[in-house]
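The chain below stands alone and is given as structure tokens, in the form predicted alone.
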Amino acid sequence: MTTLFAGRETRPVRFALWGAAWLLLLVFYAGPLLLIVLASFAGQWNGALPSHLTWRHYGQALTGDQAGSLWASLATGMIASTAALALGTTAALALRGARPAWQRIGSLAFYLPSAVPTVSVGLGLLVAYSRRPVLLNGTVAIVVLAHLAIVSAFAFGAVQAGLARLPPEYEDVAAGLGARRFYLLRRVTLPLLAPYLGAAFNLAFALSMGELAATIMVYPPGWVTMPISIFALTDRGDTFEGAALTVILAAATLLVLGGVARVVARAGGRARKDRRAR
């Protein structure tokens, strides 16, 4: 039994595992994604493949109300993800040296919204903020708040995991040399956390861009995000235009994620150069 996973005898097993992994990837991810891309260009689809291709669906998706939904999604995602990153980072830093009981309570407060269906989060916000003194129903603020409640747990978890993996030597040396807390945080801790901060923002932003259930409970008529537009288009039978909007949503999300990753990589490179210079 022990020789089954050692030496040359593992090659057939490895090939079988890799083959199964690629098959699952093709069937459940790459295949549906390819079909969505094809549908976004389809002028008519009666057989196994589209009969002819067209850019018309993209032109419709980028004009009128559909173009507004792209802006609504990007703005909501940026605001909610930035706020989630700020809240998650502050909470993770505050709980870093706290007692285990307080760490559990603080973590529970952030993770609780992610433990319930997102439609329940939307309903809860709708009930809570539909009357005075805090009346947010029918405003953009309640949409941002719904996204913030959903993505903040993931941003907090990513930053908390990053703090647990930070090498303590840099902070200990800086503190031993007399660095004040704010200087230590700004010049040592946060630069070391940069990859985790970027990952936290990207995760929160990706989740926000695809969020539907809570948003559909609270969105005002003038602030329709792209997932809601896609749902509405496919619900009334405009599958090809909905597919085009899906491709645009994915492309916009990947563009932002790539930009953030590039900024974080540059910041990490500068931080490493500064540490070598010292």
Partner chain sequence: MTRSWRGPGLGAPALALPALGLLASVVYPLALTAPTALGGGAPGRVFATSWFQAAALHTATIALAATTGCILLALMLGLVFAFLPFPGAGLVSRAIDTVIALPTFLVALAFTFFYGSAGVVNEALMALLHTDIAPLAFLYTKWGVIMIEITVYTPFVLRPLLAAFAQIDPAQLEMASSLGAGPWRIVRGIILPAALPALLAGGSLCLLLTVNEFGVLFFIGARGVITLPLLIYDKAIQEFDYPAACAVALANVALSLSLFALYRAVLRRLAADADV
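Think of the rigid core as the biggest set of C-alphas that the two forms share within 1.5 Å after superposition. Computed from a prediction, not measured in an experiment: that's the story for all the values here. Positions refer to the first chain, counted from 1.
Note that the form predicted in complex with its partner chain isn't included here; everything after this is about it.
Contact with its partner chain in the predicted bound form holds for all three of 98, 109 and 185, each having a heavy atom within 4.5 Å. Although the partner is absent here, residue 33 sits close enough that one of its heavy atoms falls within 4.5 Å of its partner chain in the predicted bound form. Interface membership of residue 128, defined by any non-hydrogen atom within 4.5 Å of its partner chain in the predicted bound form, is confirmed. Not displayed here, its partner chain is approached by residue 231 to within 4.5 Å at the level of heavy atoms in the predicted bound form.
At the 4.5 Å threshold, heavy atoms of residue 116 reach its partner chain in the predicted bound form.
Contacts between 134-150 and its partner chain, taken as any heavy atom within 4.5 Å in the predicted bound form, involve 145, 149. Taking 2 Å as the criterion, residue 27 counts as shifted between this form and the one not shown: its C-alpha moves by at least this amount when the rigid core is aligned. Residue 261 is not among the residues whose C-alpha shifts by 2 Å or more between this form and the one not shown once the rigid core is aligned; its shift stays under 2 Å.
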